[in-house]
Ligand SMILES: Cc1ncc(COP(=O)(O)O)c(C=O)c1O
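Next up: a single chain in structure tokens, the form predicted alone.
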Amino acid sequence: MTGNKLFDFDKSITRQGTGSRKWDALQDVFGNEEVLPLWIADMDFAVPDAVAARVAERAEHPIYAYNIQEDTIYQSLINWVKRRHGWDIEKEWILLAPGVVPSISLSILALSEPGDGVIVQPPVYPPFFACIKDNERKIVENPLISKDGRYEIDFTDLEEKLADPANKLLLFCSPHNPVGRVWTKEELTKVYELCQKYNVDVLSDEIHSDLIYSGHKHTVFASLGKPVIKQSITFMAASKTFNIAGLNFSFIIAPCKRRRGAIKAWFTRLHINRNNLFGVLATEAAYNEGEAWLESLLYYLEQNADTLVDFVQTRLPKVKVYKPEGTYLAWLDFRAYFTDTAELETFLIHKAKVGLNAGKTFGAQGAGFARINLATQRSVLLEALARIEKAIQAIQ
């Protein structure tokens, strides 16, 4: 993986005053406006020029009314998934949606009933729990196992949970947020075989699938079967890859006509039948013209990940860091210093003055941990780490 000097990710861009949740909601989120925010999963980088130009071009026309969904947006996704992941998909499989989390909720509503169990693998992205609980389904945990500096799936426990006929869905995170695992094809195949054995549908959140580091390869879960797995729903978007999450646009890929129809019925029932005009245009431009920018981004992000690991291991040796294999998020274990979760939060926010995601929001397994967002200028990352180091020195 090589960098490209045409793209300057070290350039600082002020985000305060733009309505940024990451930068403008510090008092509401942390109760301290002095924290340096490295939390919510967006990036402090400008979008590719082609994306900005396409949005600006359309914005010059002063009417932003109802838009149609032209075939070009579908073809852009089809081409992208083929190029990046080697998966052939068909237009009829694709549903356009306002975001991955709403899509997960709709799919849970469509493919299960109130009281059914939905399996998750904590520590995991907090909305997974909310999507299940808010829709009156039962959260069933298959906790990941930390082993030799990385997390693994507990397949014995997973099979036990899948074998229970009350559990209808596996809500799967691939790559995994927050632990940064890019599941191997062998691991995914084991999951696939177990879900086939017990007839459990898989909802696979693959929103971070384009953000993969050297030595790792993302395999789309639904691509494992021949023919394609019918009982898997895949969620993708350009939002994380190209930093356009505020434009609220994503894809549901559902090869099975029956399952796709059930999800579409919920779109109709909830009257979710329009997509953000600018989200569609930005996504199409990103997929068609953003690949060189992405390659440069991946090089920069991987250097940030290396910077994090080196700093923690040499200057914060009691903190354990899980280097991500993908995503721009990393998982930090502070339990050598803090046994009380509230104490850790107070330390980070009011002593170190760094805004990270509290580990406890990722499930009970996250107590004593925090998630850090690496998608920022390296100088900002180093400043945050220096603040943590200084604050730890003060308490020793």
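Numbering starts at 1 and runs along the sequence shown. In this text, all values refer to a predicted model and were calculated from it rather than measured experimentally.
The following text describes the form predicted together with this ligand, which does not appear among the structures shown.
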property: Of Gly117, Pro102, Pro122, Gly290, the one that lies within 4.5 Å of this ligand in the predicted bound form (heavy atoms); result: Pro102
property: This ligand: the contacting residue among Asn177, Ser209, Ser232, Ser107 in the predicted bound form [heavy atom, 4.5 Å]; result: Asn177
property: Close approach of Cys173 to this ligand in the predicted bound form, 4.5 Å, heavy atom; result: yes
property: Contact test in the predicted bound form: Lys240 vs this ligand, heavy atoms, 4.5 Å; result: yes
property: Partner proximity in the predicted bound form: Val55 to this ligand, non-hydrogen atom cutoff 4.5 Å; result: no
property: Val354, heavy atom within 4.5 angstroms of this ligand in the predicted bound form; result: no
property: Partner-facing stretch of 217 to 225, 83 to 91, 200 to 208, 316 to 324, counted where any non-hydrogen atom is within 4.5 angstroms of this ligand in the predicted bound form; result: 200 to 208
property: Residues within stretch 32 to 61 having a non-hydrogen atom within 4.5 Å of this ligand in the predicted bound form; result: Ala41
